[in-house]
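To begin, one chain is listed below as structure tokens, in the form predicted on its own.
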């Protein structure tokens, strides 16, 4: 009986010690701020609106990236709407995409693969196919929505011009 008690007490002591060790190591970690971003170099938000409009049209329907559960989530008047600040209501589909929705789309796009996005932007979009944002719609990587872009078409030029720092709004359909 005393051997069993010793084993239980020892097991409990090890559990408490390991729990304390895990708790102290978690507290010792440098945790980034909740509003912090990993993206070091991002494409310009100011020139993103035409790109957002293209992505909304091609990818933002409610059965694709216009779903709240998607890791690349797109808001806009053709799909998911963003609740108004201080109000739970959402704009109707007859209301144009709001600036807040474009900002959320921007954050979703640049936050998808932040480290790769930084590299692609720093290199002037010389190899944009490193980004899932480009591989999936081009059909290079499996994509539920199928192939949406063709190499060299205006949609590819739209996105890559934004990544390179000189958004070609005409190719975006604006």
Partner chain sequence: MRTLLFIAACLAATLASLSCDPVHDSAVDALGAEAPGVSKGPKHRPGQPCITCHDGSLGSPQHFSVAGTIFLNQEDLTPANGATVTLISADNNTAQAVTNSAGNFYVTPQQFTPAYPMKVTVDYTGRVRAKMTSHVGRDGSCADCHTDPAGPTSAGHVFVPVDGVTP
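Positions refer to the first chain, counted from 1. All figures in this text were calculated on a predicted structure; none of them were measured in a lab.
What comes next is about the form predicted in complex with the partner chain, which is not displayed.
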Inset, instruction - Look at the stretches 134 to 142, 119 to 127, 106 to 114, 52 to 60 and give the one with heavy atoms within 4.5 Å of the partner chain in the predicted bound form. - result: 52 to 60
Inset, instruction - Would you check, heavy atoms only and a 4.5 Å threshold, whether residue 81 touches the partner chain in the predicted bound form? - result: yes
Legend entry - residue 89 within 4.5 Å of the partner chain in the predicted bound form, heavy atoms: yes
Inset, instruction - Would you check, heavy atoms only and a 4.5 Å threshold, whether residue 93 touches the partner chain in the predicted bound form? - result: yes
Legend entry - Interface membership of residue 45, the partner chain in the predicted bound form, 4.5 Å heavy atom rule: no
